[in-house]
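This document opens with one chain alone, in structure tokens, the form predicted alone.
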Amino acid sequence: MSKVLELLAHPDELKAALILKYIRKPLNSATDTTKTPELRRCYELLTLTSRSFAAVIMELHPELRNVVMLFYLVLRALDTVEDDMTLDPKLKVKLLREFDSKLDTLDWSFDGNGPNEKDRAVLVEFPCILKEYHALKPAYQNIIKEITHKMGNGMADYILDDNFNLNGVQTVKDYDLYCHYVAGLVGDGLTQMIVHAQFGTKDLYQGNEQLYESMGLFLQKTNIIRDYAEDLEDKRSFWPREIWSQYAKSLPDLAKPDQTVKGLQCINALVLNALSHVTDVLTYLSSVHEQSSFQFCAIPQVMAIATLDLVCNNPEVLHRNVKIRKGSTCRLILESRTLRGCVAIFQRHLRAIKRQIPVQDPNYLKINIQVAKIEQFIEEMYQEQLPQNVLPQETAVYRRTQERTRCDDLVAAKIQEEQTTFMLTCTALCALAAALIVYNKY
């Protein structure tokens, strides 16, 4: 009932939820996800581990759908090994370092996880994943294996790092490196897949490592800010000491009632750090042309900027895990189908972030400058406010944006059709309700 009332309190979100549920049509049919019993089971495992992520993967172009699904399941299996605190550390490190070699087998599985490890089924039923993995094109197999090798060894390194385990992340450089291993590498693999499928610009991968790295870091840093209270409860620490030590003697001190102002200032400092990746994110999105791949990349990024807006200067972050509303999520999914829509979302939340920072905050000026830089970058992307007779500058991001805008124009027609259908349906329902009222009255 509370969710219904929440939607009724936000009519724009209610409208988005109705369109998403009843009017919007999936980009691609998912009829080819049950070709074999193993493939069917892989998609069942995907849904068991992440229902929301499964929904986005199901709409991917058939060229990448199974590839991304298997990439996710392999990394989920790797993560399940790393997360399980019941495993002997020596066994865990050995498994992580050798995990990529298991992809060369046909029947490897692992049933040594604790009984309460929620995703243990992915490891127990790994032969299903292996069979479908070996059915992929060799290029995609190589990408998955390469990223699995890098991530597995990175996880093992952190397990063996006593300083990290005792004291958490120390410097901003360490913070970036940690985020690279848990999220940047995922961006690396996905970008290789998109480029191999010819769904993005040819230079999206080679020579532009910062772009896909920022895609992962922006998501991970936003989650780390949001998860402060949850991580402390689990006796973990991912906020970098280099930042939080400017505001407190120990990280838990920030949650004390008399330290709320310092806690908020620390949150805002971390928000500033995350904002440094936004221009790379927008550049990356402008470089993806195939629509389902674009939406797959765009949805997590707009969710991240909305979450960053929510956590900014928010004292609740110091005590609980805050999340954006379900209706807001529906609205973000619909609005992020075009680059123009993504840019509008970023602008809306960037301006909200700027409004929330008190003048007394030590990062007030820096955040205002950072937001202004992003706004200036967006102006360069489109160059629509030029004086009369002044031609746009043919910068790299302008050319990327123009090419992506041609894709946007095709999507815009479908969006307009959905809006028309929604309005006609609402009109018909209102007319029917009015007719029933009149009929019952007489």
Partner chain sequence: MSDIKSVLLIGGAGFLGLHLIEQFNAISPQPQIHVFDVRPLPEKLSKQFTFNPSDIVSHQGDLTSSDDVEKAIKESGADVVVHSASPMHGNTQKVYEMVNVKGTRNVIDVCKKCKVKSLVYTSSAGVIFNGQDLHNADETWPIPKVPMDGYNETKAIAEDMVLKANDPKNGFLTIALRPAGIFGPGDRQLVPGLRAVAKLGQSKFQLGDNNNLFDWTYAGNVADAHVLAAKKLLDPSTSSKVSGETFFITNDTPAYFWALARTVWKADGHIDDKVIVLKRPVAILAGYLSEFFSKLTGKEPGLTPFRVKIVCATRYHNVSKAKELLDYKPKVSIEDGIAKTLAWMDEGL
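Just so you know, these numbers come straight off a predicted model, no measurement behind them. Positions refer to the first chain, counted from 1.
We do not show the form predicted together with the partner chain, though everything after this point is about it.
- Contact annotation: of the candidates Lys354, Lys326, Lys131, Arg97, the single residue with a non-hydrogen atom within 4.5 angstroms of the partner chain in the model of the complex is Lys354.
- Only one of the listed residues (Gln416, Ser52, Gln376, Ser29) places a non-hydrogen atom within 4.5 angstroms of the partner chain in the model of the complex, and that residue is Gln376.
- Heavy atoms of no residue among Thr86, Leu91 and Gln141 are located within 4.5 Å of the partner chain in the model of the complex.
- Gln385 belongs to the set of residues with a heavy atom inside 4.5 Å of the partner chain in the model of the complex.
- Not displayed here, the partner chain is kept clear of Thr34 by more than 4.5 Å at the level of heavy atoms in the model of the complex.
- Looking at Asp361, you'd find a heavy atom of it within 4.5 angstroms of the partner chain in the model of the complex.
- The shortest heavy atom separation between Lys366 and the partner chain in the model of the complex is within 4.5 Å.
- The partner is not drawn, yet in the model of the complex one stretch among 376-384, 66-74, 40-48, 53-61 has residues with heavy atoms inside 4.5 Å of the partner chain: 376-384.
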